[in-house]
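In structure tokens, one chain follows: the form predicted alone.
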Amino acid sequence: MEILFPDGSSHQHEGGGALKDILGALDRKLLRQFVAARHQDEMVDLHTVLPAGARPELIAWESPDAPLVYRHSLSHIMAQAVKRLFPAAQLAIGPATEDGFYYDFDVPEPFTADDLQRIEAEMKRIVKQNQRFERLEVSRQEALEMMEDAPYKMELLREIPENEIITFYRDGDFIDLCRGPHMLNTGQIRHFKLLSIAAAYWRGDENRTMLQRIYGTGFTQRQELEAYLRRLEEARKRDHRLLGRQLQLFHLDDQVGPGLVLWTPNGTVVRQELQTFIMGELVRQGYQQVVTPHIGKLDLFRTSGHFPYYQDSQFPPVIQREHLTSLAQEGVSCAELTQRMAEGDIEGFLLKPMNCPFHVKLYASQPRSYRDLPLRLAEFGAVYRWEQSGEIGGLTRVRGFTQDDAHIFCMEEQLPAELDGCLELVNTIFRTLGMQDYRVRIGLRDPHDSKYVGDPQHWDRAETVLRQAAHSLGVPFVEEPGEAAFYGPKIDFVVKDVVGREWQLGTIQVDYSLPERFGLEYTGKDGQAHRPVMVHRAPFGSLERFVGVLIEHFAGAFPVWLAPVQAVVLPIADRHAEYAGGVYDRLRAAGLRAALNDDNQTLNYRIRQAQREKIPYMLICGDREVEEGRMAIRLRTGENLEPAQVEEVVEMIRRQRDTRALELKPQS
């Protein structure tokens, strides 16, 4: 065995063995330097017995891979603590995640916040006991006997392939079915925090048992844990669900339905401003606006492939009343009904999950020539997806949302230029909103997956042109096989917000399939019929999700052009009310969104109220301002600007609005 060290050196060991034994024999200090190894592209811990001829690469504590082992061990320790405190708890799964870990439990009563504190305290006791982790390889029969009273583990166990080694890990009196990797002992794990409790369905299936999920986080360094907890606290302050209520931006109501958003006047201002902004860019690029229905015939979506490819994420079809009555009289079961709909024997209607089939039919509504191309059709279209109830949250995961959707129909040779235009649009949006920390993800097909449709040569050309487009952006990008849409490859834009979280927002897709499915044609220069290529693009993606991310990005303090109220006029006393009213009228006449707060409250109270509402400018008038025809200017940050004449104030705010400036203070 050749053991490779991070500094490039290596150690030759005769035969196989467990890395902890080999390193311990070399120098026991090495056991404190390394946490795991990478062997044949898999991470293995120091407990794993490797064969002769292996070439493991050691992973040091400082490695980006080390936290995975650390957090996996933490999930094991948490399960051990829960079993100590709640012996009746059944264990489900407990993986490590990118920034933490979780474990799912089936317990008689839901966990409480007090339980969370008790579990964390018990975890600290287990850590202090410095229990050794032991890896156990067992036969299938032994494993079945060990798990006979653990139904969730038994289900997982039965899914392990016959040729795969079955492993358990034990520390102290606790043992768990687990493939690892784990640390050497519990004493190596010191910096962690339990965060929250949530409900989660077993295997993510809402038809199965509801479990209790405990989330936690852990870092190999205390400073990293403290920094992460500070970011979490900042994220809580920016939570768009809380700010949405505070700023009266949107409302969610169970009687209306989970995941269906009611936009208030304030929130509607934000939406409309975003739409106006992007519409200006679309007009400049030659797009034409269209409007399509919210519902369409089921056969339309059969032809497009959305039904049944995305059947599980769609609302159930609506069957025509007369047909439904006839089927009921025939005694057709629900299962038979579903089968006959999938096969096309039953017609109905579907709440649209996508806008693209409607745009395809608009293209096909009249003959097209090469002179008509590219044809760019845009729509702020509402679509509907059936998200599981446990996954719905605020604006970022909803069942009804608006896409800033557009579809470009073009000749193949026009494709690179059209993609450049799409990328320019995305860059303009991100630059204007100060969201320029992003990366690009290219979703490619998996050639071994049968879900992808169309000619492989078309796929090759589409993937090539997307790679070339991604290169032109000059930002990091990764390729992810298996992440393409069923009809074509795509570019996704993953934006990092000010708290460091990533959000998948805009997308661009190249599609040879739908034009083929619908038989789209155009007459070329040669007078012959040719097939156009289709580009799907949505820079915002879901407008609901985008607004949710924006609320958190700006912490509710929108730049002037997006702010529902751009300035509030505050008279100090009743004798200043008439002057304040005139200023308010002047702001409104200039097309600015202004408010007048002359309530019978102290000035300080009204200033605090305006700051809570995150209004960009507070314009204060007292005796001096009335006498001089000026306004005192206070920013929502608490900073005061120099007093200015009313017309100067109006012009300043209007200029901030028209230039879509991110900062409140005007440029000198």
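Since this is a predicted model, take the numbers as computed values, not measurements. Heads up: residue numbers just count along the shown sequence, starting at 1. If you superpose the two forms and keep the largest set of C-alpha atoms that fall within 1.5 Å, you have the rigid core.
There is another form of this protein, the form predicted together with the RNA, and it is not shown here; the text below is about that form.
- Taking the partner from elsewhere, every residue among His306, Lys490 and Glu625 has a non-hydrogen atom within 4.5 angstroms of the RNA in the model of the complex.
- Annotated contact segment (heavy atom within 4.5 Å of the RNA in the model of the complex): 205-213, selected among 166-174, 432-440, 472-480, 205-213.
- Contact annotation for Leu58: none of its heavy atoms lies within 4.5 Å of the RNA in the model of the complex.
- Put simply, His39 is far from the RNA in the model of the complex: not one heavy atom of it is within 4.5 Å.
- The closest heavy atom approach of Ala529 to the RNA in the model of the complex falls outside 4.5 Å.
- Contact annotation for Tyr310: at least one heavy atom lies within 4.5 Å of the RNA in the model of the complex.
- Distance criterion of 4.5 Å from any heavy atom to the RNA in the model of the complex singles out Ser389 from the list Thr325, Ser389, Asn130, Gln221.
- The contact residue chosen from Gln566, Ser75, Gln314, Ser513 relative to the RNA in the model of the complex is Gln314, the criterion being a non-hydrogen atom within 4.5 angstroms.
- Contacts with the RNA in the model of the complex, taken as any heavy atom within 4.5 Å, map to no residue of 69-83.
- In this overlay on the rigid core, Pro108 has a C-alpha that sits 2 Å or more away from its partner position between the shown form and the other one.
- Comparing the forms between the shown form and the other one on their rigid core, the Cα displacement of Glu206 reaches 2 Å or more.
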